[in-house]
Structure formats: structure tokens, C-alpha cells
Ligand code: SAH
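First, one chain by itself: the form predicted alone, in C-alpha cells.
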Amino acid sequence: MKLPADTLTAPSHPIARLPAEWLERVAAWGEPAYRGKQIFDWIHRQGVLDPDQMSNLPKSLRQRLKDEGVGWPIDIVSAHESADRTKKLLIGTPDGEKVETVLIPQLGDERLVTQCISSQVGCAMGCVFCASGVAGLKRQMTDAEIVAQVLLGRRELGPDQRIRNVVFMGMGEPLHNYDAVARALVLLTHPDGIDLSKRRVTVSTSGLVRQIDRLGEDFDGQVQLAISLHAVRDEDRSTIMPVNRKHGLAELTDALRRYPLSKRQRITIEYTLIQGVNDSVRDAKEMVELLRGIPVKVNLIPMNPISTSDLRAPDSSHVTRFQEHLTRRGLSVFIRKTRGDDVAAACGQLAFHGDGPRSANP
């Protein structure tokens, strides 16, 4: 990773400080340097944000941390568990906003959990099949709010569960909030804290080309990249994904070819299948040509219904045929099983909970 701490923007909140920043802070208070590492350990490894519970710190330092504002920057407003044990958490912020994060147990081994986290309140991208973007962008989430979703998520796990993967596929366009997301990535993967493998952290983007290049350079390509593709011709993609009017498919695929991948690493292509829009044999054939020469795997996602759109997924047999067209032409293709749709926690259903619309099946 080429991203040194001093190239990051300043933390928005004490819990977003890195160990070196805590060492500097405690030194200014006249405390020994090791106290900074202890504080970071309490927050990120143990998930303790109440200074009174940091038992190996002197009372005077605990009080200093309280005065400094150490504490939860977000909280859980409500939790909804799906029949398949997917759990959606409605998260509240101090300014009254709400976002969602989802805990998804792995099929076949529910001890391993993927957490889908949000990076913005709402979204500016305006994709027509996604509830998050229908109301537009309310505000950026802070680095602390992003990381705290994972810290809160760990508290919701069963005794034998652990978070194995974190995906930036919740509300918002992560690369539209690059500075906060970059600091969050460093915190989530820090060996003295949560210590997620970078290969277990995925950033999904609708196609912000400059930021894709920056992510690849800053993190040496070690952070997994997912692309919300959803159409293979510019005229179609621009209709359902306004971002394509700024960064067309040729520019986007050039950026994917530049992304620094290790020998076995692949970019994930997310493709939401929408009946009558992007699910034809022609679409399948043109996807193969569009992605030729790029190491990819393709996730097909039958569109989940949202209350603000009449668009729907094709039937399951059509989805299977679409997959077969791609696999016969050499692509690795998976059909993503819908998880959590009965509590509106499935892909595309996470919704802004301010004045805008909510997702279907609330």
C-alpha cells in the first residue's frame, strides 16, 4: 500500500485516528506513547468506545478522552432479520440522518459474515433501478461513521460468528466520497485494529474513472474492485445510469485495464438483469466483447423490486439462459442469490430514510 498516513485528510472524529495520530495526541497530553496504541486497540480491536470501560487507562486519561469526544458517532435505530438470517441495521447519526448496513451470513457456513456498508446518505448517481439514489445525495458520511458501521456490526454477531468480508455496496457511491472511504479502508485493514485482509474488502463503483485510478495507485490494487456495469452499450447505460454520460464505456474499460491486479486477482462485474432492458442475447454477446482482455468475474443480479420503479427482473429461466450465453464464451459467471429481500435488505433496496422514498417491502 502506497498510501502513507500523512497523505490522508484529517480524521473527522477521534475514533478515525490511526495509531500514529493517537501517539502524537497523547504525547501532547504528557502521556507515554504506548497509551496511544492502547486507545486504538480498545476502539478498533475490542470495539469499546466508552472511555470508562477502558480499564487499563488511568482515570485522568479516560476523562480526557470523554472531553475529546470519544464515543459512538452513530447508533442502531432498529434491526430487521430476514428469514435467511440476513440482518439489516438502520443506523442513526447525530444530525438525525439514517442509513443502512447489512450483515449477510455465508451460505453453507453462517459463522462467516459479509457486511455491506454505506458511504453516503443517499446517492448522487441516480441509477433508476436502485432505491438509494432515487432521492439524490443528502450528505457524505464521515470516515468515523463508515468504520463505526463495522464496529457496530460486530456487536450484532453470534458468539461463533466473525466478519470475514466488508463490501462498500450499501447506500452511496464510495468513490464519490473518496477521502473518507480511503481513511476508512486504512482503518479497517490496520493490523493493530479490525485487521481485515485487503483481499476481503471490496469497493464497488458505478464508474468514476479518475477515482478508480487513484484507488489502484493508493492501495496498489490490493483492495478489491467491483464495477456496477448493468448495460453494455452507451445509449442504454446512459439511460439507466446517468454517470455514463460523463464516463462512457470505452473510458471505463480503459480504466479497468489499468487497474493493478495480481496474477490471480479479478475485477467483479456487477450486472443487474432488468427485463426487456439489458437481458437479451445481443447484450450477452456484446458483454463478452466489451470485457475481452480484462480479468473479470461476472455477478448477475436479478433486479430486486423497489417502490419507485416498475422495472422488474426477468424470470429465472431467462436469467439462467443469459448466464449460459456468457459461460459458453469463456466468462466466469455467477447468479447472485437474493438475500434479505423480505426486509428490503437486498441489492438495490437500501433506501434513504429522510424525506425521500423508501425501498419496497419495508
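Sequential numbering from 1, following the sequence displayed. On a predicted model such as this, the values are computed, not experimentally measured, just so you know.
The following text describes the form predicted together with the ligand, which does not appear among the structures shown.
Ile301 is the sole member of Met54, Ile301, Val26, Val70 with a non-hydrogen atom within 4.5 Å of the ligand in the predicted bound form. Residue Met169 is the only one of Ile91, Leu103, Met169, Val147 with a heavy atom lying within 4.5 Å of the ligand in the predicted bound form. Note on the interface: of 95-103, 225-233, 209-217, 181-189, the segment with non-hydrogen atoms within 4.5 angstroms of the ligand in the predicted bound form is 225-233.
Not displayed here, the ligand is approached by Thr272 to within 4.5 Å at the level of heavy atoms in the predicted bound form.
Proximity of Thr205 to the ligand in the predicted bound form falls within the 4.5 Å heavy atom cutoff.
In the predicted bound form, the ligand stays beyond 4.5 Å of every heavy atom belonging to Ile39.
Put simply, Glu173 is close to the ligand in the predicted bound form: some heavy atom of it is within 4.5 Å. Contacts with the ligand in the predicted bound form, taken as any heavy atom within 4.5 Å, map within 113-130 to Phe129, Cys130.
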